[in-house]
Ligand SMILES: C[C@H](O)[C@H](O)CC(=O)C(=O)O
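First comes one chain, alone, set out as structure tokens in the form predicted on its own.
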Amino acid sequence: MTTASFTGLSRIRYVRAFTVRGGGADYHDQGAGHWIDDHIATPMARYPEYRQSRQSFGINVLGTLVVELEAEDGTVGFAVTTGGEPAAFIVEKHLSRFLIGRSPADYEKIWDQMYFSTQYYGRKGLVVNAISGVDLAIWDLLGKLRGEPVYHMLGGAVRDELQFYATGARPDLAKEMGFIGGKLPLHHGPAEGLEGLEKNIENLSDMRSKCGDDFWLMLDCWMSLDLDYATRLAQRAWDECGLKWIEEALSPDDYWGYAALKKNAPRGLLVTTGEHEATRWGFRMLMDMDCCDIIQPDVGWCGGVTELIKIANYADSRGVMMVPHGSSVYSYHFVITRHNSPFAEFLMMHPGPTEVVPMFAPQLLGEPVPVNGRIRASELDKPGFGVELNREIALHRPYPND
């Protein structure tokens, strides 16, 4: 553990960006037969040739981005997110100039410079993914230099443990594993008509019968619906199956549609979204326009921890619940510090999914996983985010600067 003071920290000397294929942060990059690629409704499902598999239209083409920051004393901080080779180019060729020679304690200024220097070609998506990866690596490095876990630097835990709901194809098994709820992928979108809608209700009804009435069931619609279909699905799913929430039903840019859906939804059914939203400004739109009951930023996509602090504070001031999109330790360290984030998401990355496995395997070593649907705060007590990069995976650095 270093004894360096916060103001006298070792500065960043090297910036490296790698790409990796096969699972991990790009969790859609899976082999054949995985539940996450089995006829899940998408905006591309209007085209029959892209309906069965999300990989068929390229959901996994980018792969994982690994950002590594090495300080002058040899301490290394890192993070994983999505973005692959294009994001690696942005990190090494553009963002590195705001990092080399700087203290990781300057994360606010660094974030500001990264964002506004790329605003003319960024603002959301790939560029903010790259910025998020850098920001997470900064926080990991800062924690390691200070000898503190990230959640301590964010104000400390407000509860002794995290409790989780599980996202996957088998909520019935998730209940047996101790999770508080299960979120199903929606399989059929508007292009499959009334028959598809009936199949969606049948699938949800089957899971309700297996799970009982006391278990949360949610639907992940992955941006695939229109307002009319989403309204009809929400009404029937509430009336017939006791659905807890309907998630990301519409395009993330359709704030007006979300506002209408929230008004149309049955009283008691929650409308949630934000997985593919970014920055304080995007989430301000969602909240100011009363688009949803719960916001779901992904810390690896929305701007990193530095930006998530601002998003969470605005949500707290508005009385809006924030349940981040599943992003392993990067969200755990944040959720444990927030009263308006009472539980967290766990992505069931086992192909079945019939067992609990580390979410970002094989890229992270030491990644905690829920036991009986919970993780103790004490399991997050290692410096930084508490994980190490698996050096045995095939790391590729396409744009080296040193």
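Position 1 is the first residue in the sequence shown; the rest follow in order. Predicted model, so just to flag it, every value in this text is computed and none were measured.
Just so you know, the form predicted in complex with this ligand exists too; it's not on screen, but the next bit is about it.
The binding site of this unliganded chain is open: after this ligand is superimposed from its pose in the model of the complex, not a single one of its atoms comes within 2.4 Å of the backbone or a C-beta atom. Proximity to this ligand in the model of the complex, taken as a non-hydrogen atom within 4.5 angstroms, holds for one residue of His188, His325, Lys175, Arg146, which is His325. This chain appears without its partner; in the model of the complex, the one residue of Ala361, Ala377, Leu347, Leu62 with a heavy atom within 4.5 Å of this ligand is Leu347. If you check this ligand in the model of the complex, you find a heavy atom from every one of Ile36, Lys183 and Glu275 within 4.5 Å. The stretch from 110-118, 67-75, 218-226, 83-91 that comes within 4.5 Å of this ligand in the model of the complex, counting heavy atoms only, is 218-226.
Mapping the unseen interface onto this chain, Asn200 falls outside it, with no heavy atom inside 4.5 Å of this ligand in the model of the complex. This ligand is not drawn, but in the model of the complex it has no heavy atom within 4.5 Å of Val335. In the model of the complex, Ser331 stays away from this ligand, with no heavy atom inside 4.5 Å. This ligand is not drawn, but in the model of the complex it has no heavy atom within 4.5 Å of Asp29. The pair Leu364 and Ala25 is looser in the model of the complex: their Cα-Cα distance rises by no less than 3 Å compared with this form. Cα of Arg13 to Cα of Ala25: at least 3 Å longer in the model of the complex than in the shown structure.
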